[in-house]
Ligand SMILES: Nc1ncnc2c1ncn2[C@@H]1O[C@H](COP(=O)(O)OP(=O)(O)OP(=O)(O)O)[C@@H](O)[C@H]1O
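The chain that follows stands alone, in the form predicted alone, written as structure tokens.
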Amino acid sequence: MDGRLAVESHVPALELSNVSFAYPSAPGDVSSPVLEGVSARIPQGEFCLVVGANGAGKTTLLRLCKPEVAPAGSLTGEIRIMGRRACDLDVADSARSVGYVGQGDDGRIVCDTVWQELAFCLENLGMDQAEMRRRVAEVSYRLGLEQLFRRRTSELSGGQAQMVALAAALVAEPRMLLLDEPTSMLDPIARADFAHALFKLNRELGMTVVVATHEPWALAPYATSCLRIEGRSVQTVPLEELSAPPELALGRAVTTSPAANDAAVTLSEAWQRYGVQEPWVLRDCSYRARHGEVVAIVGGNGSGKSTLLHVLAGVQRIRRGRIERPDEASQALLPQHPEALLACDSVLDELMEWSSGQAYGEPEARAMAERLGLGDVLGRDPFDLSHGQRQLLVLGKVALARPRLLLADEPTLGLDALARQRVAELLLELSEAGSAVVMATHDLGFVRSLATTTSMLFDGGIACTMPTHEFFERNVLYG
């Protein structure tokens, strides 16, 4: 780690002194602070978890610590990184002091290929080719990215992109690493590998690791401390209090609708790949979803879950095979990255965007916002919301249209326990009204509570489809 700035060990890695921040308000509105009078101190070498509800300010706090991605707004107080004010760090000092990996589509991937992405930061720092090759090779080997090294970044799964983003932050050898929801897009095995990789960076290299997460139980065995942002204050949380969220309380049994015999979408012997020289992502894949059900598709990172959803939605055309989509005129695809569905200047405008063609008005839009916990941010720019809030916003936007077929890719990504409960109730309501809901997800607790059947995608095809309770009883990895 020779390239890192020398800092005396007693200097905190991160120090917040009476920090307050508010996003710009819409004309005529007064913007409430997202953070207010926050003070905290994280020593060098810590593995610190940051928890809190959606909208509590976790993402905002992490971004304020990295000058290149700091949000626009009103900031008071002081943030110091390794003893220096964050606002005084130039690009080179920032790269060597703090690495940042955002969640979702937070501008984390900028190059066309993985190897270019890993070299991008070092090229900007003017590093010589020999040192650049060494660092890229070392980080790629440490994180197991050899098989992805020549891949196009547009073809990576969400979990693979997460690992590449981490590697791109590490090549500059920063003293501190800030990560926002890093495990939410990973399958169980990848999540364990990722957690262990962070542990080794922290313990073996002395890197300070700060992770904002709704899944603290996945990292608690490796953490040294935990902070909770609540009510615009920061409190210390004992690590032994971190546990998995409770089971969803739906208030009614999840069963197959008696009338749900008609198929909403049927895929038969489909083959799909991204280019004629690329390996097949889907191979001889058949799948069917019926109206009146919530069904789940699970599988490892890169197994093709997102590709399958895009094929079912007609966004991607299959190379061979057949697809029947009777609900083509009344379907919706909820992508992993909610930003793809955001086009308006305010939350309320987003919820109203499709109202003229879908027979709902502003009262229904406001009621949906209240239901999803967004009632107090209706005037906010959607891109100033947390990732979890944006996820809820696009789900509410889609649900207002009442599609006959809803294809949801990681619908609980970045959501706290209360938000997951709200999403579950909404998806169940859609299915009870006769819609088919197909979700691809790594959130196994959500699948257990909500899905009537679960399918596993492996080697390009559906390896099995079972009633969900039977799937978890018989599966060693997911049980």
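All values reported here derive from a predicted model rather than from experimental measurement. One-based numbering along the sequence shown.
One more form of this protein exists, namely the form predicted together with the named molecule; it is left out here, but the text below deals with it.
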### Task
Would you mind picking the one in Val38, Leu426, Cys48, Ala53 that has a heavy atom within 4.5 Å of the named molecule in the predicted bound form?
Ala53
### the named molecule: the contacting residue among Gly99, Gly388, Gly304, Pro338 in the predicted bound form [heavy atom, 4.5 Å]
Gly388
### Task
Among 40 to 48, 431 to 439, 58 to 66, 446 to 454, mark the stretch whose residues have heavy atoms within 4.5 Å of the named molecule in the predicted bound form.
58 to 66
### Query
Using 4.5 Å between non-hydrogen atoms, is Arg175 touching the named molecule in the predicted bound form?
no
### Task
Decide whether Phe471 counts as a contact residue for the named molecule in the predicted bound form under a heavy atom distance cut-off of 4.5 Å.
no
### Message
Residue-level contact is defined here as any heavy atom of the residue lying within 4.5 Å of the named molecule in the predicted bound form; does Arg135 satisfy this criterion?
### Response
no
### Message
Just checking whether Asp384 would be counted as a contact of the named molecule in the predicted bound form - the rule being heavy atoms within 4.5 angstroms.
### Response
yes
### Task
Taking only heavy atoms into account, state which residues of 435 to 453 are within 4.5 Å of the named molecule in the predicted bound form, ordered by sequence.
none
